[in-house]
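Form predicted on its own, single chain, as structure tokens, below.
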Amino acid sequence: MRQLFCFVLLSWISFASLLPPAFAAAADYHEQLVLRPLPLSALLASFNFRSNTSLSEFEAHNFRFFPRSLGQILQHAGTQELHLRFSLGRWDSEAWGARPWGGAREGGTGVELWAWLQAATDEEADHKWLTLTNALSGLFCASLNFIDGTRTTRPVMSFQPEGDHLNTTAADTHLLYGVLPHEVVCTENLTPFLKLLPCKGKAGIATLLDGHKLFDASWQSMAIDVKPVCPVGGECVLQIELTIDMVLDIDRSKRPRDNPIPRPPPGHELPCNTSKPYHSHDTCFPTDHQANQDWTLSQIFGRTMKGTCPLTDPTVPPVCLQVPDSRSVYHSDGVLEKKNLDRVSRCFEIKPDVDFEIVLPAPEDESAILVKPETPLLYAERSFTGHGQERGGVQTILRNPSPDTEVEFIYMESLPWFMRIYLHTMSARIQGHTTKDKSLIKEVYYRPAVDRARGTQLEVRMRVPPASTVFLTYDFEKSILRYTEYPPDANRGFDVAAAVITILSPAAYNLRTTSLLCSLPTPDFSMPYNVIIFTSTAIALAFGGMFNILVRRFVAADEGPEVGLAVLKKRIKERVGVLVQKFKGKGQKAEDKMVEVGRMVENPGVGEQT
């Protein structure tokens, strides 16, 4: 009986070891897709993937849900916390409202990277930062290795750690921030992103991620966040969160792939707003933002969702849709729909082997099409001022939409070294007032640039009163570069990274302004070419003449050899005679040899004796 019990116990242990990891630790990984229709015929799709691993297993190189390729880089570079952003496009806050995730998963145009590194000195931190950027450059097929000293800053007030760092390591932790505003985000960055997922994009919501759809979006952002999390009374874990947010244009996404060229519809099919007083048979004013909100999942992403990832937490619904309860939504069989208590969202529970499809038909009630977008805490716009190629200015317009709440935030800019700002010209004023208001700016941190060594770092802690618009301006001077420092597209201009705004109160919120394009004094690149050609010609003539003087021997004309046609004929005749004699000599030798061979054949003994 005891042997039977031991056999049953060992069989159960063996069977449990063969179970999928989701049964053993389902809460270690989960993924979710949230779909939210937006005004102006747009759709926000937010993909979120989160996994945890204990710090003890991570330090012991036991990788389960945490990607090994990224984990080894973090360990080698001594990275305590990492945040990486790939962004493209512009978020229209006026029409779409507040940013997803409160702006915490958003980055400026191009690539942003900031990390907390454990190092004893600044030099060691710079060395580890160089190691980290080069390794991530190879992992994500990006130009992160170009984040050198001129593109790296050390923020003082802007970025705060999101993870739980121990007090013993906080003293030796260094924050470094780098940005590449000119980096073009493409499919080469999406493929390594999908390889970090446990299901590798073969199952679950990741099957909807198509490069053609993602990079055809009006705005998209890919975020990777790695941070330590220490729950109260529990073991500390290392959490990695991968997020993809994109705003798809419904009309453009529904365009068939076999007919991608947009063609204007006939005049009688144009959706016109007939309520306008100036509407006529030859004038069409477009309909409002509540039109064109009927779509299917396969139309938007080009495919249906292939089941769910077997490693994900079953308690977290994989897909959620934010539409009012009064709107009809159809889905494929084998899917359980659950409406949330907020009456503006619903989630779907999907079986692992079911292809998931959503059909959102045209609404019957025009007043209940969309969930009203949330108003952001602050609107920000940034642009260049001035004219000419020597000096200029930067103007940032900050508008507080709240009628009764003041907004306090930190405004940070990481400028290239060739933009030398005049700090004494920085001022802030409220719209409608011509004088400066010194109470708007509370604190300023300024680190001047060093030519070809580091850029300018500017952090300003300021406030915007309720229902007010503040103008933050300053002047700068443009440096003249060497002609070898201009890129191939010098006439296009130089990209300036977006400003980072971190709102402190009334709530934590982040946002980025648009990037800028700075035009520097551009030389005529044909002039260096002309100078090089002229100099090379002059040097060749001078060297050739000097070489001839030193090497050649000059004699008088009567002392030189005879020249003329008769002399040439004589030389040719002599050369031909020499060649004829050579050929005759070769023929005589061959004839003598043949005679000798004949004698040997006729008299074999003579040859043997010889």
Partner chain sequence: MNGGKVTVGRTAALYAGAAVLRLAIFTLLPDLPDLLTGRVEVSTPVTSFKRLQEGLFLYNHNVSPYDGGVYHQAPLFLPLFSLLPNALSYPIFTYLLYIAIDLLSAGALWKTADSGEAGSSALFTSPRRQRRWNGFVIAAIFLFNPFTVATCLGRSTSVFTTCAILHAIAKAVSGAPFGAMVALAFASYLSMYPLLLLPPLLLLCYDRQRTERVKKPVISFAATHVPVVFGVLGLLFGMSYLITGSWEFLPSTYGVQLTLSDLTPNVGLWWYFFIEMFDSFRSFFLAVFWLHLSCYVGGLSVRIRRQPLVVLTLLLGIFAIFKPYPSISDTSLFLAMVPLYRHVFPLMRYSFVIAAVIMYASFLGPAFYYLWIYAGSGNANFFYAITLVWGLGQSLLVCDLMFAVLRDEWELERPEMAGKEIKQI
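Positions refer to the first chain, counted from 1. Heads up, when I say rigid core I mean the largest set of C-alphas that superpose within 1.5 Å between the two forms. No experiment lies behind these values; they were computed from the predicted model shown.
Not on display, but discussed next: the form predicted together with the partner chain.
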Exactly one listed stretch (328 to 336, 155 to 163, 404 to 412, 534 to 542) reaches within 4.5 angstroms of the partner chain in the predicted complex by non-hydrogen atoms, and it is 534 to 542
Contact of residue 475 with the partner chain in the predicted complex (heavy atom, 4.5 Å):
yes
- residue 483: heavy atom within 4.5 Å of the partner chain in the predicted complex? yes
So in the predicted complex, does any heavy atom of residue 362 sit within 4.5 Å of the partner chain?
no
In the predicted complex, does residue 352 come within 4.5 Å of the partner chain, counting heavy atoms only? no
None of 501, 180, 449, 139 but one has a heavy atom within 4.5 Å of the partner chain in the predicted complex; the exception is 449
Assert contact residue (the partner chain, in the predicted complex, non-hydrogen atom within 4.5 Å, options 439, 121, 389, 375) equals 389
Near the partner chain in the predicted complex, with a heavy atom at 4.5 Å or closer, the residues from 414 to 432 are 420, 421, 422, 423, 424, 425
- prompt: Once everything's superposed on the core, is residue 529 shifted 2 Å or more at the Cα between this form and the one not shown?
  reply: yes
Kindly check if the Cα atom of residue 56 is displaced 2 angstroms or more between this form and the one not shown relative to the superposed rigid core. no
